[in-house]
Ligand code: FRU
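Presented as structure tokens, the chain that follows is alone, the form predicted alone.
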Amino acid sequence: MKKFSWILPIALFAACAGREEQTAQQQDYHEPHRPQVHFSPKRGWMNDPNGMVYFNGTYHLFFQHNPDSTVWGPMHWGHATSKDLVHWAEQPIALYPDSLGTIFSGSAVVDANNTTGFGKQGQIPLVAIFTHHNTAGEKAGRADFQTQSLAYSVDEGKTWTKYSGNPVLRNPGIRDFRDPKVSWFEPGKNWIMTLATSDHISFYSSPNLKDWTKESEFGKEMGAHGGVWECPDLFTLDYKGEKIWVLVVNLNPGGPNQGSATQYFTGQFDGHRFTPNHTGTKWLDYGPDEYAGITWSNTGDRKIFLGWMSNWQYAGVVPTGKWRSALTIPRELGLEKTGNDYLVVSRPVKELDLLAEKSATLSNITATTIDLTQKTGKLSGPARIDITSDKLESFTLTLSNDAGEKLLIGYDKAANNYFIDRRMAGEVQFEKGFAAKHTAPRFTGRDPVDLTLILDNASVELFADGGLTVMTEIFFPQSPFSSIRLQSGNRFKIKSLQVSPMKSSWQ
């Protein structure tokens, strides 16, 4: 009896503690504006996605993280994992600041051939390549305060050890010398580092991730230069059997709708130099709220892209509570060709279907003014909206709530632009430029037409014409939008309109 009298209270305590922890987690992920189908940290600040790598059935996501505040500060690498790209489990912090500096952006690779020697007894190491940012050096006025360093894991990303020989790439005297994106270049049997260096990109090569040789530079007089170049990526996409190289370059400021944005170039890379097909500017996302986007490593021919869902113009003052910022939904990249020009297309990953609930579909309708809520029911959380038509006409889709706040999404045929208008979509006074109508060009006149919207509590992502035009937008209503109305002065004939509620990925 004496033994039982001790065990029972302990068991009851453990059960109660478990229920309290589960309740706390549900509360953490259901605060006002908390995304339900996008990754956000449990608490603290987040910006750039980092070190994204796929290994042994697990997607690893690292991210710029200040765990002790909801504003930017001493950068760590936060860590989350997923088996399906939609359900994420936040893991212990992977990389902490040290004597060389705080941990800025970078990438991670699977060193399958153990070129680093970090793997022992057949272990395959994961290797992170990141920027050490020496704040003391920056404050002292030095130009070489950013260097590139390594960390490795031999337990599938659970724990990380920093390389004793850090830094592996010292700074030649460039203030902005950061964000290494590394990949294996099979023809040369070596590693290629794509590095942001002020207003251009520098390419380096290495046989072992430790010893680096500069190969070339690119971009000083090409593309957009409204701000510093950051967070680059270099990879190939297939177009009808033709391998095209894509160089992604994030830019802040100078985006098409002000502030931060992601541009790209298509061309060829021979292991030494990138030769572009074009010298003008192409944007991967025209909305104001996709930045620092890069792709996962080790996913084969499938290229999966993820960006930070915010903008440096207002990221530090958006009205959220215990956390700040979320990431976009993962997107699968592809190519389309118009004339001699290659355009990168982005589409929601198919894994997003795992969150889909029963859809309501309307077929062969003509839009003048339609209250879709009466036909599909009110929204009660995140949703996917898919529209197809044989011919595109001007239209406006209005999402609203009981407080009278509304978000306008649509197409202006005269201007040939898609648009998102968040001027009446909730709280806007925290930053003078936040309340705005943003536009994005349509890149094709082809029919039929398709449009996909991914709507969450505080964001919408638009994918039009198979992903040729993409826009990402955040907003902060008093309550999530629940009603949908469609208007068109040109009697927009819709072949199919499908509203698919989505389950929370945190459930």
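Just so we're clear, the structure is a prediction, and the values are computed from it rather than from any experiment. Throughout, we count residues from 1 along the sequence that is shown.
The discussion below concerns the form predicted in complex with the ligand, not included here.
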Picking from 156, 386, 230, 332, the single residue whose non-hydrogen atoms come within 4.5 angstroms of the ligand in the predicted complex is 230
Taking the ligand in the predicted complex as the reference, which of 85, 234, 75, 399 has a non-hydrogen atom within 4.5 Å? 75
Each of 104, 291 and 312 within 4.5 Å of the ligand in the predicted complex, by any heavy atom, yes or no? yes
In the predicted complex, is there a heavy atom of the ligand that lies within 4.5 Å of any heavy atom of residue 79, even though the partner is absent here? no
Under a 4.5 Å heavy atom criterion, is residue 303 part of the interface with the ligand in the predicted complex? no
At the 4.5 Å heavy atom threshold, is residue 47 in contact with the ligand in the predicted complex? yes
Just to confirm, residue 179 within 4.5 Å of the ligand in the predicted complex by heavy atoms? yes
Name the stretch: of 443-451, 461-469, 47-55, 478-486, exactly one has residues whose heavy atoms fall within 4.5 Å of the ligand in the predicted complex. 47-55
